[in-house]
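First, one chain by itself: the form predicted alone, in structure tokens.
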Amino acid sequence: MERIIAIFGPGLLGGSLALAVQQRIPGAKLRLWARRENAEAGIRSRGIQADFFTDAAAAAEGASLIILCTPVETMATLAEQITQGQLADDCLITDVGSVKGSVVRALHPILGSRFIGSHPMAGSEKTGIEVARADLFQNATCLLTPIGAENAELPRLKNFWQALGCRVLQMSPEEHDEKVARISHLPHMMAAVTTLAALRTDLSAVACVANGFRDTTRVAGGDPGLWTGIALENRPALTAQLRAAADTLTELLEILDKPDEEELRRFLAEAQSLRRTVPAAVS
């Protein structure tokens, strides 16, 4: 397995990766990079045994696996800094970004074939290393997005994610962005829309909230800065899905305007049937 694993960005995902590697790949030597020196205290408080760096090139030097866990819009600049160091001959670089098309287009010219995109479908509306946990990736799906011909390092990357408990799927960056817009980015924006529509003009309604509202809007509690970057980076796919959602909402409004009880029942039954195809969460 990997000799030196360097994780760039000790937030929820980076911190969880460090905890998972420490637990599941005990022979690996860990490094953690952060922009600020004061991040080290949070890392140590979680019991993570890793060498700490604020110099990107130094953190990357000699590492056999580098994982970028920073916001997607910062990855190209970070990649440039990484290449200033002496990279190991077997150095494989990946990321955990929620968008792949723009990331691959930005990073591949800098890092070449040593870069393969990853997106573990795991996370939380909460952020920061204080909420990181070693089992975050257990039973999660990880999407890998190699480009061009089959990359010789792809099996190695698959093995890494599988060692952390992931089920691995492979697809193009473009397919990734379309699918993730449907099942991750659209739900986040719809949760934000539902929260605003429900509470913006009557905050006192929050006193009546029950689990249906909590479940439907949970992800709207996510970091606005992070989700602004994701939405803008995946804007074409996301706007297409939002337009489809707007059409569906118009369909519902037209049914209610009639009103047509049977048509409304069919509308809700179709949603129920599709929802039942969603696999249950595995703890």
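The shown structure was predicted, so the numbers you read here are calculated from the model rather than taken from an experiment. Residue numbers here begin at 1 and follow the sequence given.
Heads up, the form predicted in complex with a further copy of the same chain isn't pictured, but that's what we're talking about next.
When a further copy of the same chain is considered in the model of the complex, Glu61 lies well away from it, no heavy atom lying within 4.5 Å.
Put simply, Ala210 is close to a further copy of the same chain in the model of the complex: some heavy atom of it is within 4.5 Å. Under a 4.5 angstroms non-hydrogen atom cutoff, a further copy of the same chain in the model of the complex has Asp223 among its neighbouring residues. Although the partner is absent here, Leu238 lies within 4.5 Å of a further copy of the same chain in the model of the complex, judged by heavy atoms. In summary, among the residues Leu186, Leu87, Ala76, Ala134, the only one with a non-hydrogen atom within 4.5 Å of a further copy of the same chain in the model of the complex is Leu186.
This chain is displayed alone, yet in the model of the complex one of Ala163, Leu154, Met121, Ala106 has a heavy atom within 4.5 Å of a further copy of the same chain; that residue is Met121. For the three residues Leu143, Ala231 and Glu270, a heavy atom within 4.5 Å of a further copy of the same chain turns up in the model of the complex in every case. Partner proximity in the model of the complex, defined as non-hydrogen atoms within 4.5 angstroms of a further copy of the same chain, places exactly one of 109 to 117, 78 to 86, 191 to 199, 93 to 101 at the interface: 191 to 199. Residues of 237 to 256 placing a heavy atom within 4.5 Å of a further copy of the same chain in the model of the complex, in sequence order: Leu238, Thr239, Gln241, Leu242, Arg243, Ala244, Ala245, Ala246, Thr248, Leu249, Glu251, Leu252, Leu253, Leu256.
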